[in-house]
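Next comes just one chain, in structure tokens: the form predicted on its own.
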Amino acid sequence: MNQQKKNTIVVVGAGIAGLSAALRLSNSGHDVVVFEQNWMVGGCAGTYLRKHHKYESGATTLVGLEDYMPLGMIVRETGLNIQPVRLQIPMQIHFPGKEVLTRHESLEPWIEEAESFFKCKQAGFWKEAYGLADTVWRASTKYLDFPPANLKEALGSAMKFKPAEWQVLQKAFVSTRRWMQKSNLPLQGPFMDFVNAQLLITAQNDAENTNAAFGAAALAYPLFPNYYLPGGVGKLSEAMADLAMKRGVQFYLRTPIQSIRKASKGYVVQAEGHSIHAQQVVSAIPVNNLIELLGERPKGIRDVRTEDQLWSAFQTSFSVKQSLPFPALHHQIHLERPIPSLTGNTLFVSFSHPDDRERSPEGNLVVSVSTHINLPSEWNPDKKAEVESDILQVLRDRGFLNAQPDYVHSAALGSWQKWTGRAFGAVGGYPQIKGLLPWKMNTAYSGWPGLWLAGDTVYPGQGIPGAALSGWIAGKRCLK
């Protein structure tokens, strides 16, 4: 080992959070080692090759690349090289009667579209949502010690708060449903169905259980620039890993961690074929998995969920020789009733860009369709083929599938457990729940010296930007 190195830092997991932490720690004078149980980086935001086409392992959308947003901050501070394509239409929503609602990026066209579609006044609500979301985005990269680990940090942050930021904090005490009620919006019918379905994509819960601060950011994300990455969302993970390696970070793929134990001045990290004494550890895996590796629960892990509080997912992927059926790449389909054996009554559909030859050399469209599975242990794997067939039939009936698809394959609970190693086969991060106030959320601080938390089961929560920000915060705290 190079004696000039200050110490060894182990990062557990090479998803977006782990890669972000590794980048923050690179070129710091420390030995940084990343362990990943899968054969590729990216976790729930990776892209894999199968039958000459590239498919997404989970996430398909990308936002947060502006300079004041988490990914934009990381790109700016590291020189990360990615080539995103800005989408003109972030998303379209398809209702049971085949009515189509377009989520415009610009605020005024969206308000006009929403008021015309739902037949009610909404301008005040969406302007407030956009303002709250913008404040959340800006504050996320401004307060990298939030949530605070101690009283000194809390007072330091509070002294810097601006009036708009206090307004966001106040919204954390109010449900999105209550906020809608105060805005005189309908609490049942198509608009409420729309809101709950939109929240399910990002907050993983409904308006009653999602606080208004998070709900504003979740509902308004299509009003900010959305992007497509040629080659797939996994190109972001690959670029982060490549840059980290160039800056001295060492990666071990297909090397799951077996245990993490306290030791003199740090931790002994035991992996397959490796035993490393690390002065600090960044855990970028779900806290449920971390507790199992530690053999006990550190006091700083405040929020631990059980299986009945989590979602798994069913995903069907295929390539097809047809033109893009609608002007957007991303779509949400509302169903009259859930597909048998599944819980969610919506499907989220993502198409590859028609010009993306990296994902499909033959010029096919590569399609990803996902929906939710509740109570993962009750999932019956024998229903997989039946559910896949039902999903394809919905796509045909709703005008999404106009030709015979090539090489259809689907993933459910077992696939997620094998692919990501996540407890219960859960995807999408911890859902928002009623009463989860900021000081009750997990933070980067585990409660054990030198053991830091990152990923989508800790603040700032779900989504690629949130996971990236959590890793950046954990890396910053390592160095601090």
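Start at 1 and count along the sequence shown; that's the residue number. Everything quoted here is computed from the prediction, not taken from an experiment.
Not on display, but discussed next: the form predicted in complex with a small molecule.
**Q** Might residue 176 be said to contact the small molecule in the predicted bound form, defining contact as any heavy atom within 4.5 Å?
**A** Output for residue 176 is no: heavy atoms all beyond 4.5 Å of the small molecule.
**Q** Residue 322: heavy atom within 4.5 Å of the small molecule in the predicted bound form?
**A** Residue 322: no, not in contact with the small molecule in the predicted bound form.
**Q** Indicate whether the small molecule has at least one heavy atom within 4.5 Å of a heavy atom of residue 12 in the predicted bound form.
**A** Heavy-atom contact with the small molecule at 4.5 Å: present for residue 12.
**Q** With the partner left out here, check for me: in the predicted bound form, does some heavy atom of residue 444 sit within 4.5 Å of the small molecule?
**A** No, residue 444 stays farther than 4.5 Å from the small molecule in the predicted bound form.
**Q** Quick one: of 419, 448, 424, 48, which gets a non-hydrogen atom within 4.5 angstroms of the small molecule in the predicted bound form?
**A** Of 419, 448, 424, 48, the residue with a heavy atom within 4.5 Å of the small molecule in the predicted bound form is 419.
**Q** Considering non-hydrogen atoms and a 4.5 Å limit, which listed residue (432, 26, 415, 61) is close to the small molecule in the predicted bound form?
**A** When the small molecule is considered in the predicted bound form, the option within 4.5 Å is 61.
**Q** Thinking of the small molecule in the predicted bound form, which stretch from 354 to 362, 206 to 214, 248 to 256, 116 to 124 has heavy atoms inside 4.5 Å of it?
**A** Looking at the partner contacts, the answer comes out as 248 to 256.
**Q** For this chain shown on its own, do 21, 74 and 244 all sit within 4.5 Å of the small molecule in the predicted bound form, going by heavy atoms?
**A** Not a single residue of the candidate spot has a heavy atom within 4.5 Å of the small molecule in the predicted bound form.
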